[in-house]
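Just the one chain here, the form predicted alone, laid out as structure tokens.
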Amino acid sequence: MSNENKSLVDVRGLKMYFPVGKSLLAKNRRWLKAVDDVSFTIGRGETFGLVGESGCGKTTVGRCLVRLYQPTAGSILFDGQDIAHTREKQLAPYRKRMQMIFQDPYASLNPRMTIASIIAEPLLKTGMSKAELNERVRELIDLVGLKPDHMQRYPHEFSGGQRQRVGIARALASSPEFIVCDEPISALDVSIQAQVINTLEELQERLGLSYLFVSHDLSMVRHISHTVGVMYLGCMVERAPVQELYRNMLHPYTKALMSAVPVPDPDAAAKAERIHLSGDVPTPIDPPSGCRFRARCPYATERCAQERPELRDVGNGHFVACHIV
């Protein structure tokens, strides 16, 4: 079976540049390179975890995949069809097959609409009768662990975890196959985070959903993902099946990122080596030549400044973009 048939989403050479400044002349225009040549695939019923520092381009990748942004270059194959540059009117058949759960469960919900209206909104143009619409909303409410008497309440009457469940129900309304989860637990209390993750896993098992899971929480990404990609300054620096990556980290940035994860055992934490990176993250408007990470890498060589490393296969489905590996 070909890779296209196995995967639901296949991203190839994705680039997303934003113009900076007000110059009308193309030659004088500067670009913020939020995503610069990123490739990966997401299998059917699988979760692809995307990690990295703030500003590395994770959320931009997710927004490109659901076509909230039109990519500057590259392709996004969704079920074998390239939607990267498809016109808005032609995207309608794909819109209901892909949805997004946003980071802030309060800002993403209209405070003037009831929960029932919020969840029903994606279904208004499906031709459902009012009775069918109410029945579908009740199903979705029950599916995410809320109660029927919540339907006529407003977002401010719920906790953060409950609001995020409303966001999940809204994303499920059109029966999608693929959902971008944009840091869906970062705004929640730790005690609530596990509940939301369990809900996502149960829904994936029951409905066969595929996820792009964007998060800073590396321990949660390890728990929910099948494959993990590590991004730095718009580029994918490492990608591997989850157990392979956490067992055998190869890129210096990945090692530094993982060393920052808190260890619950005090004795183990005291023995763990914390890798401190020098300097600040460079600007994506004027990124370094060669390897984007070289300015902060303790192992950088002259080659790193001159030649951009390609993401290459080092075995076991493990890909890394580093000259020293």
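Keep in mind it's a predicted model, so treat the numbers as computed, not measured. All residue numbers are counted from 1 along the displayed sequence.
The same protein has a further form, the form predicted together with a small molecule, not shown here; the description that follows concerns it.
Engineer: Which residue, Leu65, Leu257, Cys56, Val38, is the contact with the small molecule in the predicted complex, using a 4.5 Å heavy atom cutoff?
Structural biologist: It is Cys56 that has a heavy atom within 4.5 Å of the partner.
Engineer: Going by a heavy atom distance of 4.5 Å, is Tyr69 a contact of the small molecule in the predicted complex?
Structural biologist: Tyr69: yes, in contact with the small molecule in the predicted complex.
Engineer: Mark Thr47 yes when one of its heavy atoms lies within 4.5 Å of a heavy atom of the small molecule in the predicted complex, and no otherwise.
Structural biologist: No - in the predicted complex, heavy atoms of Thr47 and the small molecule never come within 4.5 Å of each other.
Engineer: Considering only heavy atoms, tell me if His216 and the small molecule come within 4.5 Å of each other in the predicted complex.
Structural biologist: Looking in the predicted complex, residue contacts with the small molecule include His216, since a heavy atom lies within 4.5 Å.
Engineer: Just checking whether Ile42 would be counted as a contact of the small molecule in the predicted complex - the rule being heavy atoms within 4.5 angstroms.
Structural biologist: Ile42 lies outside the contact set for the small molecule.
Engineer: Could you tell me if all three of Phe18, Leu32 and Glu183 have a heavy atom no more than 4.5 Å from the small molecule in the predicted complex?
Structural biologist: Result yes, every residue of the spot touches the small molecule.
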